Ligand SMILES: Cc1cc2nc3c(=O)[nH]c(=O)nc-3n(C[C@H](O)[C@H](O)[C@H](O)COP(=O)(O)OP(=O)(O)OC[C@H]3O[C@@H](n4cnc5c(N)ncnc54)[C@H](O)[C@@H]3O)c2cc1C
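Here's a solo chain for you in structure tokens, the form predicted on its own.
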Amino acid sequence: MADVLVIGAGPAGLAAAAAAREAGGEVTLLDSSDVLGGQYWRHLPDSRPAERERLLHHGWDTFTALRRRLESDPHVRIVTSAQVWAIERDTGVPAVVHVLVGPPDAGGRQRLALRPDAVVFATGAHDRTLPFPGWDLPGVFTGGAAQALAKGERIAVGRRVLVAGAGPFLLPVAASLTQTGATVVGVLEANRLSTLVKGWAPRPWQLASTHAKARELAGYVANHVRHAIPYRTGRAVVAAHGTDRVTSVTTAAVDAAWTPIAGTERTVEVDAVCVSHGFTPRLELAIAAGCALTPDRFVMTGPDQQTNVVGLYAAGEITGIGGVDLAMAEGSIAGWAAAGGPPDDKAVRDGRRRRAAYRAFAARLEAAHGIRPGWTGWLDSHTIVCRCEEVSFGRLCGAADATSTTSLRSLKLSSRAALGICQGRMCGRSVEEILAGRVAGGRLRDEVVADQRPIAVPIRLGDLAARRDPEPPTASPSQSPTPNETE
């Protein structure tokens, strides 16, 4: 019986764990949160549940069924509050996975070293927000942060909120805000209508197999109509204003490349703004394990979601941004293969069919809503690019010009950009794009990328020196023992 480790308990990870059990594997499921569900099914804890949780989540019944199934299975060990801080390649096993179990800011966390037969990476993605003047003001949130507060705490980030950026994710963010009582004054999509049509319109019959997405979209459109929320394309937030917190934003029309058009600026009074320009995959662990990346910086996988490293599989947003349906299809394929399931089984054939349909959907998503290069026209010399180290756009460009560098490593060392506590998670790709835009041919000299972090999360020296435990704990420190967590 194969010992399968699944890292991440969002849609892809839950589907992978369930499929691995169907194929007869012993499963350990890790997640850094204290509850299952990931960013997509973020919810209140059982100690203070919502009365009508189903209304706040798409696919809530799917999640609860998966959770019950895994929690009741004696061959599934669930470890929450578990942070994987490093992956060590070793001879004879796919990887040695180093884990700390306990609150992320606490000392004395339990340290584990796991040696599974196979690993499924389902680490997901986080918001990408492009910098603009004033984006470091209190009251400027990522779309994901605003939705997390709305879903997980029932907290509105403001009373009068503008949602802006690119992609369909802006719609559920607006819906979550209205459910917490906020007034959404508008949703701004930076891509122009012509770009959206060009991305979505070709071969429309192919969208028939993704009809669930159409129903989801209809729900968001109904929410917009019910709350009279304006939706405008070809417009972006180019500055936020305020002292102690944001009090207004400047929006501007942008061309097809996202370059602001002079004379189109408008001021909107708000007490919060939520901005999201898509997602950045969480690649640290996959890169540390030696997994190859595609040219557009996602984990490269084969027909069974296997990476180039034997015994390592990947599923969900780290293989491409495509939404929950694609993540679950990939997760089911990865978990089945990781546990040694027959490759011609009907369940895995169905998963491949769903994967093909939703990968085509993901390609349309990128064509219609992808980031365009003109966004750097929003920046002035004082705009903070790296918030941790307070590196401005002017300082970043000055360092690049003074050193004539075409190396990301050199620019980071000379400017301090992406060297702060977040290790470039917020600014790394923006720093890369700014430097590449100043290099002939747009290609950096070295092979360094901002996603390389051998130490994936902050770790105390005391935790490094602590005793290493060979097995996961019998119960998550954030939960009382349940049947699946006992020996």
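Computed from a predicted model, the values in this text were never measured in an experiment. For every residue, the number given is its place in the sequence shown, counted from 1.
The next section is about a form of this same protein that is not shown, the form predicted together with this ligand.
The candidate spot formed by Ala19, Gly25 and Thr307 lies out of contact with this ligand in the model of the complex, as no residue has a heavy atom within 4.5 Å of it. Interface residue remark: Gly124 is counted as part of the site for this ligand in the model of the complex, having a heavy atom within 4.5 Å. In the model of the complex, Tyr40 approaches this ligand with a heavy atom inside 4.5 Å. Taking non-hydrogen atoms only, Asp31 approaches this ligand to within 4.5 angstroms in the model of the complex. A residue is said to contact a partner when one of its heavy atoms sits within 4.5 Å of a partner heavy atom; Gly323 meets this definition for this ligand in the model of the complex. For this ligand in the model of the complex, the listed stretch (290 to 298, 394 to 402, 142 to 150, 186 to 194) containing residues with heavy atoms inside 4.5 Å is 142 to 150. Of the listed positions (Asp271, Glu216, Glu366, Glu71), a single one reaches within 4.5 angstroms of this ligand by any non-hydrogen atom in the model of the complex, namely Glu216. For the options Ala164, Val157, Val84, Ala286, the residue carrying a heavy atom within 4.5 angstroms of this ligand in the model of the complex is Val84. Within 4.5 angstroms of this ligand in the model of the complex, the stretch 151 to 186 places a non-hydrogen atom from each of Lys151, Phe169, Pro172, taken in sequence order.
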